[in-house]
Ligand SMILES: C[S@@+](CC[C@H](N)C(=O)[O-])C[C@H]1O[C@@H](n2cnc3c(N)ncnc32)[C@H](O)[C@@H]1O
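Form predicted on its own, single chain, as structure tokens, below.
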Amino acid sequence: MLRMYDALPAYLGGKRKLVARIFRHLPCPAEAPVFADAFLGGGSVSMYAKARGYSVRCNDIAERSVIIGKALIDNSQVTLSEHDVMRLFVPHPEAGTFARDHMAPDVVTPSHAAPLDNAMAWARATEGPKGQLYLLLCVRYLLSQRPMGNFGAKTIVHQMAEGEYDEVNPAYLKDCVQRMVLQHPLKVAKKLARKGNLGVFANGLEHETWHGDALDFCRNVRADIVFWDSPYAGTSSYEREMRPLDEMLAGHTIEPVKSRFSKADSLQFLEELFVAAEHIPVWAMSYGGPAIDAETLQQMMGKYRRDVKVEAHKYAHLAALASAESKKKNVELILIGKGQP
């Protein structure tokens, strides 16, 4: 796996293992220089496009994803030094107590909640790429304290906070004790910052991160290729799964609103994406889940693109949490559409 991906947070539905298969069907940057990513998500596709030499336009409605775009896709030069990281541990006069009041001990242990509150204050007070890198570091710090990045696991956090190590699942004991108990928060932050810097590189081109609705993005972006990796119909929503992270970034509690693309009847919204992107010559889509099959997607895309190819790949979503039976059934569809009908 490319070292630049060490800079990205663990993300539900990430496509790191599929990017090479997706891009082998796409025209090269010399033929199609501008690549649009309508659902930035965890950033792996946009980062790969940047590394390949495209000028990237990426978008997401979620602040957690926009931070990735601004910190690593738009930014080509600024990194975090060790001094920058140490600054996050200097008491900030406007540091709040949200993590301590609302996230400990269910989401993080109290010993990690206080540094997060202080670091978020510094991140919000810092402008430009460095401020975005600070925010991304806070995101990755929070996820690093979660077993497999899973916010649903509360018991293990309580056990770590209370020193009940004998009660921890042996499969996770060593890793959790190391990250959540033995390592000082500053050491954790420095390690994450070093890995984060691996995602900062230049390809000689300009890049843009948009923050908004995918349909609006597709209507207004000017690109040669558009890629869609929308939430899958009938699946658990990112808004619910990532709620603690979104609340940390917002600084207050929120009531998640499920994306329309996650709803069981989301087929109509996929077609709206196609209509919105009719001006973009090449289409690429990655899609999974049991609600919409390959034939349905191919027929729908075929109304707007003359040549539509579909590949099905076995792909274990949330491999660390999925059952053996689920891993056998999980399939990711890659669709490529070219040419006006």
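When you see a residue number, it is the position in the sequence shown, counting from 1. Everything numeric in this text was worked out from a predicted model, so none of it was measured.
Below, we turn to the form predicted together with the ligand, even though it does not appear here.
Trainee: Specify the contacting stretch among 252 to 260, 77 to 85, 189 to 197, 106 to 114, defined as having any heavy atom within 4.5 Å of the ligand in the predicted bound form.
Mentor: It is 252 to 260 that comes within 4.5 Å of the partner.
Trainee: Decide yes or no: are 219, 271 and 281 jointly within 4.5 Å of the ligand in the predicted bound form, with each residue judged by its heavy atoms?
Mentor: Checking in the predicted bound form: none of 219, 271 and 281 is within 4.5 Å of the ligand.
Trainee: Do residue 96 and the ligand come within 4.5 Å of each other in the predicted bound form, heavy atoms counted?
Mentor: Taking the distances in the predicted bound form, the answer for residue 96 is no, it never comes within 4.5 Å of the ligand.
Trainee: Taking the ligand as it sits in the predicted bound form, is residue 38 in contact with it (heavy atom to heavy atom, 4.5 Å or less)?
Mentor: Yes, residue 38 lies within 4.5 Å of the ligand in the predicted bound form.
Trainee: When the contact criterion is heavy atoms within 4.5 Å, does residue 11 count as touching the ligand in the predicted bound form?
Mentor: Close contact exists here: in the predicted bound form, residue 11 approaches the ligand to within 4.5 Å, heavy atoms only.
Trainee: Is there a heavy atom of residue 167 lying 4.5 Å or less from a heavy atom of the ligand in the predicted bound form?
Mentor: Answer no; every heavy atom of residue 167 is more than 4.5 Å from the ligand in the predicted bound form.
Trainee: Quick one: from 61, 26, 291, 34, grab the residue that has a heavy atom within 4.5 Å of the ligand in the predicted bound form.
Mentor: Contact residue from the list: 61.
Trainee: Counting only non-hydrogen atoms and a 4.5 Å cut-off, give the residues of 225 to 260 close to the ligand in the predicted bound form.
Mentor: 227, 229, 230, 231, 238, 239, 259, 260 sit within 4.5 Å of the partner.
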